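One chain is shown next in structure tokens, namely the form predicted on its own.
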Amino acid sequence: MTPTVTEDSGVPVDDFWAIVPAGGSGTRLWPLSRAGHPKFLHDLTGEGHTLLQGTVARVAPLSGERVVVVTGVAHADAVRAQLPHLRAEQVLAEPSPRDSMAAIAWAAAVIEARDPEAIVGSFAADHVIPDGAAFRGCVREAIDVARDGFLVTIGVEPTFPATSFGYIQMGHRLAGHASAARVRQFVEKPDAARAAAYLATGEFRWNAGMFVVRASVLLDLLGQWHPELAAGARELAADPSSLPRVWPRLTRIAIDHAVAEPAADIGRVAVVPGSFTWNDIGDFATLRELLPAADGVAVLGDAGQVVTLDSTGLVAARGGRTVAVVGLTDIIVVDTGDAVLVTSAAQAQEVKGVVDALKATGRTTLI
């Protein structure tokens, strides 16, 4: 196993800023996650804080108050309410979705304008990482590697041959660092056979979409392949009033495709391997694995509203009603008052099809 940095001194890094993209609607978690109240605004772990709040708390020992959240205009007020310690300029509201690169580039440009030497780390608002100290130890090493001009990603050690995550292939170790290595390539979500082959080599890590880099380096790299996007982000930072004019022109593309993959081809990307538990709660089957189970059933919400007999699975009782499940295996039941979802863990990825069907029939108030 590649050694991993797990120490966390607890001392903030003076030139480090955290960027938290808070977007998406989590359609595979319908009806809990809705377009107007997506999954990052929910407490899905039963720990008393939302996924967004947990993300900001996890990076705070590194960044202190230096956090910028990028979210949709429809969610900006809810984000500010959940993070009241952030100043108004630390919450950037996208007029429309433009995928991850535009959001991260905008935040990086705002930070660069304030501190040209700043190092930024981008961490999605909807991830769950129970071991915050191990996570921060990896980020600290990534910050050191980023000082050498690399775009650095955190590669999560895979625990099974997942087909729902992308992968990072590690190359030669970087001298002078505890565990960092060059990235040979990023690969898209594989089929089961290829995923198993990746794990057998010991060279691959899950791509968790976490990046650490100097703000100026990120924007300059972006400028090599998408100059109009890099220029637009810097224009927004220089003149916030240009947002209505500039934003619709920005290319809609993910950071992996825009920068990470082409930069890896020219040797500018490094990876720090992390052995901490990580999950992005992509569906209810995943959520079930994160929650404690009593008699085979994990309960999200008030356990007093749930009755189960000879059953296994997940029940989320959020509708104020008692939910009873009898004699069913790997069942998923979600009650939100205005909607009830019943499916199996095996079909959890297909829940997004319900949202598509509701859209097609004009029942948009439910999505």
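All figures in this text were calculated on a predicted structure; none of them were measured in a lab. The first residue of the sequence shown is number 1, and the count goes up from there.
Separately, the form predicted in complex with a further copy of the same chain exists; it is not shown, and the next lines address it.
Novice: Please identify, from 50 to 58, 37 to 45, 336 to 344, 63 to 71, the stretch that has a heavy atom within 4.5 Å of a further copy of the same chain in the predicted complex.
Specialist: Single hit among the candidates: 336 to 344.
Novice: Heavy atom to heavy atom, is Glu350 within 4.5 Å of a further copy of the same chain in the predicted complex?
Specialist: Glu350: contacts a further copy of the same chain in the predicted complex.
Novice: Look up in the predicted complex whether Leu32 has a non-hydrogen atom within 4.5 angstroms of a further copy of the same chain, and give yes or no.
Specialist: Heavy-atom contact with a further copy of the same chain at 4.5 Å: absent for Leu32.
Novice: At 4.5 Å between heavy atoms, is Ala357 in contact with a further copy of the same chain in the predicted complex?
Specialist: Yes, Ala357 is a contact residue.
Novice: So in the predicted complex, does Ile367 come within 4.5 Å of a further copy of the same chain, heavy atom to heavy atom?
Specialist: Contact with a further copy of the same chain, no.
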